[in-house]
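Shown below, as structure tokens, is a lone chain in the form predicted on its own; questions about how it binds or moves come after it.
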């Protein structure tokens, strides 16, 4: 892939175009779940849990299996850097290193130190069930040093920590219900007795608390099993510990049937975002999940508009990179399908299948830089042969190219000269003009 450095200011946001695209799922190199997103030092840092397949002697077959944590960072929600493992169950003094239960974490900064909170099963002599530990670093990417003991007084999962505008730190966790307490200034000890948070549905599992503040309102977001699988909900309060009043559904239960969801909410360069997960890379086993992100918006009265999950995700894709149109913004009701390129290696991604003339997919927010594009490359194959039509979308939309895809069973990069496309943001549509069946991996501009 080509690398280049160009800055683009769009709607108050600055994006650095690079070799990755901001598409869902965000991470295509490993399973990730339970994302805690934070803004540190002008970048977004992502602290997810790390699903791995269970193997004999390593986790419980058919269940969640997690032994460590990675941290990822991005300056623009487009490029993601994996900073590697920051905590492992074998390196924490108090954890059971055979449990494989390092579930949803969180991280926060205070006075130049970064505090990473994580739940894990305690080994014999450290209590029963889940406890919450802390690791400390001088940088958001580590190295993190785990404390020798977990936080006393917390028995549960899914820690979330927030610092109120007055400087008071609060920690939240789940244990069937949602709980909270104040933290001491050292961020390692409770400063108050835990309280059960009020104002949530009485029935159904609630977990994964994540609090954020906006314009004096405290929003508590959480997954809730209202029916058979988790959906995301939220409640509002004037106080960090409530009482809360129910706000509504933040995101419906996943159409994929993924049993869990887990969320965080951030504001980054004047836009709010919801981070969550689904089972994109493991559709037949929802204990191996993948992190996503979509934009979040508020109503005038402070309530949150329901977030509709997308494949396109957020951010801007550079025209010179591989544009994965299978992560589409929209598509025709008939004649298109999405399939894995290789079912034995799902991390290699997906393809778009066109099998009916006039079928189309649309991909939004592609940036064409100052150097004008003169050619288009489509990585495609077709057992029947066919012609693809590429066009810009909008009031000034026009045909960019008609690209014949030759008959053949192998993937081939088909190159086509085009008239120069003006610089700026464009939405593109790829349409099957004629032919029986055409499969597309990606498109790119040179």
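Since this is a predicted model, take the numbers as computed values, not measurements. Numbering follows the first chain given and starts at 1.
Heads up, the form predicted in complex with ligand FUB isn't pictured, but that's what we're talking about next.
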{"property": "4.5 Å heavy atom contact, residue 260 and ligand FUB in the model of the complex", "result": "yes"}
{"property": "Touches ligand FUB in the model of the complex: residue 103 (any heavy atom, 4.5 Å)", "result": "yes"}
{"property": "Close approach of residue 207 to ligand FUB in the model of the complex, 4.5 Å, heavy atom", "result": "yes"}
{"property": "Exercise: residue 157 in contact with ligand FUB in the model of the complex, heavy atom 4.5 Å", "result": "yes"}
{"property": "Heavy atom within 4.5 Å of ligand FUB in the model of the complex - residue from 66, 37, 403, 380", "result": "66"}
{"property": "Answer range among 83-91, 311-319, 261-269, 232-240 for contact with ligand FUB, defined in the model of the complex as heavy atoms within 4.5 Å", "result": "261-269"}
{"property": "Those residues of 287-309 which, in the model of the complex, come within 4.5 Å of ligand FUB by heavy atom", "result": "289"}
